[in-house]
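The form predicted on its own is given below as one chain in structure tokens.
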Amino acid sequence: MVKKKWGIHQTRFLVLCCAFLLILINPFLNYYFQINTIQGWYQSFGVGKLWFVSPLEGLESILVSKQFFLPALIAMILPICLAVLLGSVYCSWLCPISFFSEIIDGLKKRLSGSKWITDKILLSRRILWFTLIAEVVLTMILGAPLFVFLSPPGLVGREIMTAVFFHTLAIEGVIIIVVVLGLNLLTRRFFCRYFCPLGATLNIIGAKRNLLLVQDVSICTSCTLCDQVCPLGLTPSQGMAESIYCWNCGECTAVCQPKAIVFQWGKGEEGG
């Protein structure tokens, strides 16, 4: 039996597992052992007195309060710098929705006996931008941070925290998470592709990212294996790995036999 070679897919899944375990174990440390060095979850995460806030949550707090809160602005610096340099790697390497989606993908492949997953519903990618605009406008109209309350990644952390501290679950949060993950049965990363305002925000911030997946067309064999493996349904064979939509997961590099697509530091042309 040939052992499967360790590659970027396995590395990314390991990172996703570690990120999820951190959020899973932390409430138990807080509640049962009063170890509060690490606090919060995916939207707002603190290590000691150092806090990190997602750019979209920070933007919502500004829109709702109509004032700039210096600690929140400082807490946004690292996530913004990360997106500027590496793109929306939070989505592909850290997000709990991606973690669960990877598990669902694995189950789908095993049950279907197929190496590739076929997307059944394809929509215009521009929907992602309309989702972000609608979220920002509604936040201003309602005067409430919608993404903070309804974000699937945030809800995962919140449900774990609620279960540990209050021994119950908020049914509306569970329903949202189940629906978002259930949509993966129709199309890989359906929510991530079309309806995640945080993903859209990070895509915009990382539009001119330094770390790119660059294609060398001179050695590309047009086998399109990279297109089949892309979780977001992009077409790296046509240069979309350098587009604003790519989240730098690196899956396309693993299947490219001639290594026509590789990670590279530098500026590329924006697609979309």
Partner chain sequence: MKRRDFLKIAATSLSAAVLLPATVRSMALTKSPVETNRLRPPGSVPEEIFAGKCIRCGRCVEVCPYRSIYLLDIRAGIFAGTPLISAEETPCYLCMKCVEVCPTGTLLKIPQNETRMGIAVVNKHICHTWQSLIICRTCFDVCPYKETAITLNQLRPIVLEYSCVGCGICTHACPVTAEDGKKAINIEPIYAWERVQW
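For clarity, every value in this text was computed on a predicted model and none was experimentally measured. Positions refer to the first chain, counted from 1.
FYI, the form predicted together with the partner chain isn't displayed, but the following is about it.
Not one of 123, 194 and 203 is positioned with any heavy atom within 4.5 Å of the partner chain in the predicted bound form.
Between the partner chain and the residues 170, 185, 127, 77, the one pair within 4.5 Å by heavy atoms in the predicted bound form involves 170. With the partner removed from view, the residue among 132, 161, 94, 181 that has a non-hydrogen atom within 4.5 Å of the partner chain in the predicted bound form turns out to be 161. Under a 4.5 angstroms non-hydrogen atom cutoff, the partner chain in the predicted bound form lacks residue 85 among its neighbouring residues.
When contacts are judged by a 4.5 Å heavy atom cut-off, residue 43 counts as touching the partner chain in the predicted bound form. By the criterion of a heavy atom within 4.5 Å, residue 233 is excluded from the residues contacting the partner chain in the predicted bound form.
Using a 4.5 Å cutoff between non-hydrogen atoms, residue 27 counts as a contact of the partner chain in the predicted bound form. The stretch from 206-214, 222-230, 236-244, 66-74 that comes within 4.5 Å of the partner chain in the predicted bound form, counting heavy atoms only, is 66-74.
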